[in-house]
Ligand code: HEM
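Have a look below at one chain only, the form predicted on its own, in structure tokens format.
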Amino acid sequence: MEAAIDNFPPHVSRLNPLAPGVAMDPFPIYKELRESGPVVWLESLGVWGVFRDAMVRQLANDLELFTAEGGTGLQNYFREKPWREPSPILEVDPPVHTRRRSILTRILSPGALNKLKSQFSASAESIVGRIVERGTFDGIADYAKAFPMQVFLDAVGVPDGERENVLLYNDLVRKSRTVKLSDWDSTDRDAAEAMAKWIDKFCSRKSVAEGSFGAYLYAAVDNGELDEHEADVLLRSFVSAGTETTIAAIGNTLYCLASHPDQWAIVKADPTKARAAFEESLRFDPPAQFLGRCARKEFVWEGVRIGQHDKILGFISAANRDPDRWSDPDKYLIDRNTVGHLGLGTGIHGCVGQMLARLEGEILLKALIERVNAIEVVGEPVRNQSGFRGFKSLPMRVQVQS
């Protein structure tokens, strides 16, 4: 049952930080909610929200009070059946989580990633070469999306013919993070049913290329570390999480650099700072705006009574601009020390592929920085209206070196 009305603290807000229009610029609302109290009842969503660094960090890491098994988005699996089987890595807790994550960590080891560098670099050079020839390009379709949809899905072993379906599936994953299933229309429900069937059919041993990350999952089955179904659903998580977040993060970094010429000048003078530019973007404007948890039991948190299985959303973007944690938090500064930001999560549920995402972002950005003098936005960007904060379209132009 929802938190009882007589338990409400003074910190009640009718603001909806997940409303479609808010996606254009959520930070003023985040600031107001962060300052309103440590735990806020979001009346329009029927959930609790926390917006300060310390509170979001506790929500992510305190396994005695909070569980991921109720879903990491807005939907509460304790009270509403999910549209697809919960994530086998993000929406489970130890000890099951520990066993599965250890396998993924081994597959994505530094040694495995080092073997991909030359392939990634060649692909990045090819993508940037096409952009330089044209002069104008879409920062998402031609750059941020083109790269992970090629190099990452190659590494996972996804066949070319299935890649557009990955994007369609991701659209539904993104929607499910911010819209309760009970509010989906018939079109959404039909699409969800179709894509759930597709992903279940696609994610299998026979779908992945030999020697790929996907194939290594099934090697773990053969070794007795996973069962076949676990490998299937872990492959699903690999495919979805490894594309959506990286595409948004690269696009957001591109927009940050185009919108801050002084910061572009810094990386242009020293392209080795491409990684720092990507990292600061993850702090300044991360793709995942929030993480969801449910209360394991009834308890009092900062004077607020939380009911068992109540949903709490921790707003990563608000925490990443908490002035109690960061100096000049609303400025994009690539020379700042970004250690400790929450852009890729924290604790045991922090992004298992974060080093791969960082490698992709660094290589692709460095290839662009080394080839062009300047970048600029030349049209109206189109943002995603729900789910991960990023762009659908980002019209840009490059000024090529003479």
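Start at 1 with the first residue shown and count on from there. Note that this is a predicted model, so its numbers are computed, not measured.
In what follows, reference is made to the form predicted in complex with the named molecule, a form of this protein that is not presented.
Trainee: Would you check, heavy atoms only and a 4.5 Å threshold, whether Trp83 touches the named molecule in the predicted bound form?
Mentor: Flag for Trp83 set to no.
Trainee: Give a yes or no for Thr178: in the predicted bound form, does one of its heavy atoms lie within 4.5 Å of a heavy atom belonging to the named molecule?
Mentor: Contact with the named molecule, no.
Trainee: Taking the shortest heavy atom distance, is Phe315 within 4.5 Å of the named molecule in the predicted bound form?
Mentor: Contact with the named molecule, no.
Trainee: Should Ile348 be classed as touching the named molecule in the predicted bound form when contacts are defined as heavy atoms within 4.5 Å?
Mentor: Although the named molecule is absent here, Ile348 would touch it in the predicted bound form, with heavy atoms inside 4.5 Å.
Trainee: To verify the annotation, which of these, Val151, Leu217, Ile199, Ala249, has a non-hydrogen atom within 4.5 Å of the named molecule in the predicted bound form?
Mentor: Flagged contact: Ala249.
Trainee: Out of Val166, Ile89, Val267, Cys256, which one falls within 4.5 Å of the named molecule in the predicted bound form, going by heavy atoms?
Mentor: Selected option: Ile89.
Trainee: To test your reading of this chain, name the stretch in 131 to 139, 200 to 208, 239 to 247, 225 to 233 whose heavy atoms come within 4.5 Å of the named molecule in the predicted bound form.
Mentor: Within 4.5 Å of the partner lies stretch 239 to 247.
Trainee: Given a 4.5 Å distance limit between heavy atoms, list every residue of 68 to 104 close to the named molecule in the predicted bound form, or none if there are none.
Mentor: Counting only heavy atoms within 4.5 Å of the named molecule in the predicted bound form, the contacting residues of 68 to 104 are Thr72, Ile89, Leu90, His97, Arg101, Leu104.
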